[in-house]
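Just the one chain here, laid out as structure tokens, in the form predicted on its own.
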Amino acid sequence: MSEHWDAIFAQKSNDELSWYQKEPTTSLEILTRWCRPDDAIIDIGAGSVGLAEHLIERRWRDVTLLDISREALDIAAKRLGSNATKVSYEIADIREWSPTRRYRVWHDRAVFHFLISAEEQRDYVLTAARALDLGAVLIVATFSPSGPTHCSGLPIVQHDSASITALFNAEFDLIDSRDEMHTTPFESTQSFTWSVLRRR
């Protein structure tokens, strides 16, 4: 799977990626409402362009980027320039990753919906629970029931806030949700569901 994503990031510039955003407005709005800059945050599926530069601008001090693709994180580090050393990097498949520390914020914009099986979904929830302090915030965005059924040549599972609540209920409580219509660089639209949960 890492080879699949390495090839995508090697072959395409950021503005050729369907998920590209010049500014991650929804992520920043949610973080501003529910979190603080001194919270330790991990960005799951951070990719080659994501939250890091915006978080550093807003004086977040403990930022970790996790992605299955080394290529993506190398590009992200180059984009950060002199700020690259202010960020930690984890090259890992979330399905196999074991956290070695705890965080106060878990941010995932469009990794969870690639987990097709019930076992993968359950393991993701348990991994997040192990990685997060009690009371910590988990933010997860997925394609909604009216969104795409595939991304980057792979099938996905659509979710709404009800399905996310049911899947995470053993460890997390839903505290916020919203829908977003993302406009891609190609002027098409994709419907997302955002869920914000608190570690019980």
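One rule holds for the numbers: they count along the sequence shown, beginning at 1. As the structure is a computational prediction, the values presented were derived from the model and not from experiment.
Absent from the display: the form predicted together with a small molecule. The rest refers to it.
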(request) Taking 4.5 Å between heavy atoms as the contact cutoff, choose which of Ala46, Leu55, Val137, Ile164 touches the small molecule in the predicted bound form. (result) Ala46
(request) Could you spot which one of Leu31, Leu66, Leu132, Val63 gets a heavy atom to within 4.5 Å of the small molecule in the predicted bound form? (result) Leu66
(message) What I'd like checked is whether Trp5, Arg95 and Arg109 together line the small molecule in the predicted bound form, meaning each has a non-hydrogen atom within 4.5 Å of it.
(response) yes
(request) May I ask you to state whether Phe114 is within 4.5 Å of the small molecule in the predicted bound form, using heavy atom distances? (result) yes
(request) Give a yes or no for Cys35: in the predicted bound form, does one of its heavy atoms lie within 4.5 Å of a heavy atom belonging to the small molecule? (result) no
(message) Although the partner isn't part of this model, could you tell me whether Cys151 comes within 4.5 Å of the small molecule in the predicted bound form, counting any heavy atom of the residue?
(response) yes
